[in-house]
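Starting off, we have a lone chain in the form predicted on its own, written out as C-alpha cells.
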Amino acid sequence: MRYSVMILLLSAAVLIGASMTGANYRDIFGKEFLTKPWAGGQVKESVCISCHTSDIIKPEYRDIPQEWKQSWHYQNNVSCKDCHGGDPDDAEAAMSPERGFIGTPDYAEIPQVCGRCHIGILKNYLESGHGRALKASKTGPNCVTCHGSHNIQKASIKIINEARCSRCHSYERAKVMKQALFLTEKKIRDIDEDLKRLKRAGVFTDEEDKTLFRTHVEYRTLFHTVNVELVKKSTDKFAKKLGLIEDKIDKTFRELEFRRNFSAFFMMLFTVMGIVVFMLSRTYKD
C-alpha cells in the first residue's frame, strides 16, 4: 500500500512538472521513473556503462555493455576496469591514466592485458606458434582473434572450427588438435553434468567442483601451447585425474540409490505390516 501511494505521488509530480515546462511527460516518466528501482535501494551505476549507453558515444561503441553482460566475464564479476583500468565510480577520473586507465590496448599488447589474470595461459601462448607469430609480425593471432573482445563465452573446443582457424592457415592442423582434445573435453562435460545432477539431489559437491575446475584450467592452459603432440602425451595424465573425480561421483550415486532402495523397502515393509495388522484386527472382530 505504501509503495502504491508513492508511485501515484511520483507519477503526479512528473505529470505536473511536464505540463509546467512543456516537456514530453512520457519521456520524463520513462527516464526518471521506469528506469529507476524506486521500490528498493538505488543501484549504483557504472560511469563506463552510463557513458557507453548514452547518445554522446559513437554508435559502434553502444553495444559493448550489452555484449559484456552476455559474457563469461560478466558472470564471473569481471568488470570494465579489470581490463581497461580507470575509475568507474568517478566521472571526472574515469579515463584518467593516474587511475590506471589504458583504454583499448594496442593489438600486440592484448595478451599481456589478458595475461594479468590468465597467467599460465599467457606463458604457454607466448611460447606457441601463435605467440611467436604475434611477436614477429605484430599482426599474428592474439586472444581476441579466437575469443572475441567483449562477448567472451566459456571456452570449449567449439572455438576450434574451420571458419575461424582458416582465416590464418589451413584447418587440417587445427582439426588434429581438436580431435586430440575431444575425449578429455567430453569427459569434463560429462562430469560437470553429473555434479549438477548431484546438486539437484541435494548433495554437497564443493570439493569435486573445485577439483574439476582446477583440472579443467590446467588442461585449457596446456591447449594454448598449440602443440598436438604435447596434448596427446598429457591425455593419460588428465584421464587419471578425471577418473578419480568420476569414482567419487559414482560412489555417491550408488549411496543415493542404496538410500532410495532402503527407503522403498521400509515403506513396503510398513505397508505390509499395516495390511497384516488390519487383517488381524478384522479376524479378531469376526
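For every residue, the number given is its place in the sequence shown, counted from 1. The shown structure was predicted, so the numbers you read here are calculated from the model rather than taken from an experiment.
There is another form of this protein, the form predicted together with heme C (HEC), and it is not shown here; the text below is about that form.
- Heme C (HEC) is not drawn, but in the predicted complex it has a heavy atom within 4.5 Å of Y61.
- Among heavy atoms of G202, none comes within 4.5 Å of heme C (HEC) in the predicted complex.
- Looking at M95, you'd find a heavy atom of it within 4.5 angstroms of heme C (HEC) in the predicted complex.
- Although the partner is absent from this view, K187 stays clear of heme C (HEC) in the predicted complex, with no non-hydrogen atom inside 4.5 angstroms.
- The candidate spot formed by A91, T104 and T221 lies fully in contact with heme C (HEC) in the predicted complex, as each residue has a heavy atom within 4.5 Å of it.
- Within 4.5 angstroms of heme C (HEC) in the predicted complex, the stretch 125-159 places a non-hydrogen atom from each of Y125, G129, H130, A133, T139, G140, P141, N142, C143, V144, T145, C146, H147, G148, S149, H150, I152, Q153, K154, A155, S156, I157, I159, taken in sequence order.
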